[in-house]
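In structure tokens, one chain follows: the form predicted on its own.
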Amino acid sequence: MVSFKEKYGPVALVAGASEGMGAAYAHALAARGLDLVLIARRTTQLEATAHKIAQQHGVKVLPIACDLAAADATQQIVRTIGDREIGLLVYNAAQSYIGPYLATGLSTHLGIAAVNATTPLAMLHEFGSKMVQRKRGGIVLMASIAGFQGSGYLATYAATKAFDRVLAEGLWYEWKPLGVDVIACCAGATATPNYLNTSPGKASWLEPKPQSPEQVVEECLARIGTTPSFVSGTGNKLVSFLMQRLLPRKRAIQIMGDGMKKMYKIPPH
């Protein structure tokens, strides 16, 4: 049987890796014996995470501080990693804005689109092409159940997560016969520092308890190669089934918007 490292090694690149979900991916992949390239904006936190992983797991870790909203972000990364063979790409980086669409400037929405959609396109083209040539590799795109329908007060983020899921599913079909596994992990609320810092309230009795980053990561790494996309967590699966299969789409959109309004105490128009 081919090991995880043989299939997806020798090096994994994790974008958005300084803390939370990205750091959980980095630890899990290092535990499987893969060397790492870790990407994030904040140099101090990134280097601390890289040092901890290298010390704990005995793997090589290259931290690269990079703003993934930059038009040349992928080129910056490629120049820095040199001839390292990236066998697994985990695109976990994301930007979001919570609030009325018009309450922030256009630059905010364009920045979200750049980090969540444009840069993933460039990175998948760059690293995916090499995986296809080698007929081996894997790609994880972090999507979200927020992208399964319109999500008021989270509109741009949700739209980009829908984009990520559909992109991954299309490439799963194209690249699976060529030896490259692609998967979209559609997570719900996850107890990352970024999520907790937003101080969310309870949306409704339907809302599942947030998963830990480690739970999401282990489920994703167990599912890659078996499916084009999946919803992480039993509670999220049940709520997703209700919203997507049993309720009219209009009602699902209303529930999402009402939930966001309640969670973040957004005043009525």
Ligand SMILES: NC(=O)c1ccc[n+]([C@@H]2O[C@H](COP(=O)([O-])OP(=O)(O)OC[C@H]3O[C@@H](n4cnc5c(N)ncnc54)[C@H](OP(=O)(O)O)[C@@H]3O)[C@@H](O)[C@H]2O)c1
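Everything numeric in this text was worked out from a predicted model, so none of it was measured. Throughout, we count residues from 1 along the sequence that is shown.
The same protein also exists as the form predicted in complex with the ligand; that form is not shown, yet it is the one meant from here on.
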| property | result |
| --- | --- |
| Contact residue in the model of the complex, chosen from L62, L221, A30, C66 - any heavy atom within 4.5 Å of the ligand | C66 |
| In the model of the complex, the residue from A168, V180, L88, V115 that sits within 4.5 Å of the ligand by heavy atoms | V115 |
| All of G9, L36 and H57 with a heavy atom within 4.5 Å of the ligand in the model of the complex | no |
| Options 123-131, 100-108, 172-180, 138-146; stretch whose heavy atom lies within 4.5 Å of the ligand in the model of the complex | 138-146 |
| The ligand contact in the model of the complex: R41, any heavy atom under 4.5 Å | yes |
| Distance check, A184 to the ligand in the model of the complex, heavy atom within 4.5 Å | no |
| Contact label in the model of the complex: G188 to the ligand, heavy atom within 4.5 Å | yes |
| Contact flag, S151 vs the ligand in the model of the complex, heavy atom cut 4.5 Å | no |
| Members of 2-27 lying within 4.5 angstroms of the ligand, judged by heavy atom, in the model of the complex | G16, A17, S18, E19, G20, M21, G22 |
